[in-house]
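Included below are structure tokens for two forms of one protein chain, each presented in isolation as structure 1 and structure 2.
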Structure 1
Amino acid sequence: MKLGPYRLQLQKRLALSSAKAGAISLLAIVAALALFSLLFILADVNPLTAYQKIFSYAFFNRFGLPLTISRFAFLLLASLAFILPFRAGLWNIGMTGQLYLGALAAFAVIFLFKGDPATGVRLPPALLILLMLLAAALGGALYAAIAGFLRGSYGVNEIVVTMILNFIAFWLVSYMIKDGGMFMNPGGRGESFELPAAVRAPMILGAPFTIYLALLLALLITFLFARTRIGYEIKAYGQSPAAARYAGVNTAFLPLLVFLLGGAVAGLAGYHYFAAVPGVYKIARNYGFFGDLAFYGIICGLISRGHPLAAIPVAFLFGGLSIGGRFVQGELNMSFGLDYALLGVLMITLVAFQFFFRYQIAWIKTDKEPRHVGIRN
């Protein structure tokens, strides 16, 4: 497109500062909210009223904010579980299965040591909580390691393997908590036994301690990528496995390592949701719900471009909008699924705007008259 002496041109970016990336993401959020306003208008709801209720409940309400914080912690852990293999060029699509295995391992600790009439358990609660955390991380890590081992040793596609492992995990959970299963609820319902109050995740400053654990992990993973040799090797493998192999990186072990780490974080996400979210404290067979939530971790990881610290505000926004969207659909008598629709529009818009992370639109000044190149006599 040409306008006078200027021509509109698409240029590839050589570099993108954090400030510009943040501005592009903010513009994408505004565009997504404006686009979603059409659904409110079609439902005869004032968009400004709807957004005011969504944001006030999710981020400022004394009932909504704790829910947002819990959802944020889960999404951040799921995002980190995706980012660790993603920086090595690998895709962990199995966070749902890994978080369920982590939750099963954590509940197995309580199953082994339950029984005291006073507290419901036979060991000090603080020790059991630590054991639950370790078991959850180990359960998720070992389950994810299957995909990492097959990828590193035999080149098997990790996406296919992790998806299959998700389904296996669903059936395993069903077997463990169904009628006659080891973790069956005493009331015969389709869920596990309830955690004794003594071993539920402690609250610190009104929030479960797992939120601080998630933030600490984001810092540690950032340090891993920025300051350690293994972090450099992970990034090198992600850029080119062949070049990394030539440079001396163990390309058979590295996929196993990143899946072990990612699976451990996913297992902690399982511990968080079933042991730290108020009102849950048991494993339910709501696979679709937890699967969807874990998959939003993939979206947060992609939008943050694989940067653990950048995943923090993205996960917080997604967590708040999912809680606020669920609240407003009941408050304004709107159709079920409003929260999913809102997150879907936001997700698509943010992904679409990543085009501007790589390219920019610029006005290039050109000469009005064409130049003529000739030879002097």
Structure 2
Amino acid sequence: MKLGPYRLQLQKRLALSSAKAGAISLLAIVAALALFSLLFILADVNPLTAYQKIFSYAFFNRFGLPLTISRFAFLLLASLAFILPFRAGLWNIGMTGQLYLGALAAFAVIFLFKGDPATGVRLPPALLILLMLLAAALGGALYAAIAGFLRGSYGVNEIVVTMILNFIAFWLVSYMIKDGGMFMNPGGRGESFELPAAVRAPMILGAPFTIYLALLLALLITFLFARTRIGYEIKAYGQSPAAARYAGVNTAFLPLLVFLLGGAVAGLAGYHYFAAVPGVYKIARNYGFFGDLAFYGIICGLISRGHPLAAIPVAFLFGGLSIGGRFVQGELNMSFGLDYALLGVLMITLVAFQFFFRYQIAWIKTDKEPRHVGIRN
């Protein structure tokens, strides 16, 4: 494309400042929302009205906002679980399975110690809550470790493995909570037993404590990558496994490590949704829906380009969008699955925008350039 002495040209970026990367990410989200309005138009809904309803419910409504905040914490944990291996160049798309295993492990603790008629449990509740957290982290970590181990020691593709583990975990949850499974609710509604009131996650300032935990983890992981030796090793491996090996990084252990860490965080996400969010406190019948939500973590991790702090606002926005989307779907009599559709549209827009992280469009003056010689050949 030409305009006078200028011509439009694609250039490969040599460097990308974080401000620019942020701007591109923001643009990607805006573009996705614009694209998403097509769905409203197709359903004969004014997109502006729809977005106005989504945002006001998600962020300014006294019923919607707490839901948004809980979902935000969940998405943030899922994003962090994705980011940890992602910075090592590995794809953890198994947050779903890991959070199921985390939830199962946490509920196993209560299953083992329930029974006291007064509180419903046989150990001090504070201790049990701590044990539940540890169990959730451990359950997720050990489950993810399968993928990390296979990748590190045997070079098995982690995408396929984590996805396969998701399906296995999905059916394991069904096995545990349905058809006479060990954790089945005595009422037999295809869901797990409810947590006794004493061991439900405590609230701080009106929100489950897991939200603060998620924010704290985002800070810790930022520090891990910015300042620690192990963070440096992860980054080196992520950029070039061959170079990391040369430098003496243990390339069999490192994938295992990042999956252990990522899986632990995903396990906490499972604890958060099934044991800490008000109104749930059980592994619900539609646990598959919560599992699917974890895929937002992939998009969130990609849009924030692996930076835990950048993931915070993105997770907050996506949390609100998915809550608001579900709300307007009912409000405007739209088809089920609007939040799923949003997931898809966000993802595909993001894929398209990946291009702009690598290239820029510039107007080039077509006059002769000064004569420099050498370098490139």
Partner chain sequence: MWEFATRSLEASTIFTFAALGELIGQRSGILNVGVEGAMLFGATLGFIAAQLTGSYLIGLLVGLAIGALLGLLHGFFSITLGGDQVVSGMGIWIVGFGLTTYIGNPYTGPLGMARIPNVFGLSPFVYLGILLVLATWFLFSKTSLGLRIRSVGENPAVAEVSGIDVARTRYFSVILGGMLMGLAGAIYGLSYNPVWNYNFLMGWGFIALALVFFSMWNPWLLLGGAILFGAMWQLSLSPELVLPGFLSRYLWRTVPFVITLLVLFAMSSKWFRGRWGAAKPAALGEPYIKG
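C-alpha atoms forming the largest set that superposes within 1.5 Å between two forms make up the rigid core. Residue indices: 1-based, along structure 1. Small disclaimer: the values here were computed from a predicted structure and weren't measured.
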| property | result |
| --- | --- |
| Structure, 1 versus 2, that is the form predicted alone | 1 |
| Residue pair residue 162, residue 109: same rigid group between structures 1 and 2 | yes |
| Between structures 1 and 2, how far the Cα of residue 41 shifts once the core is aligned, in Å | 4.6 |
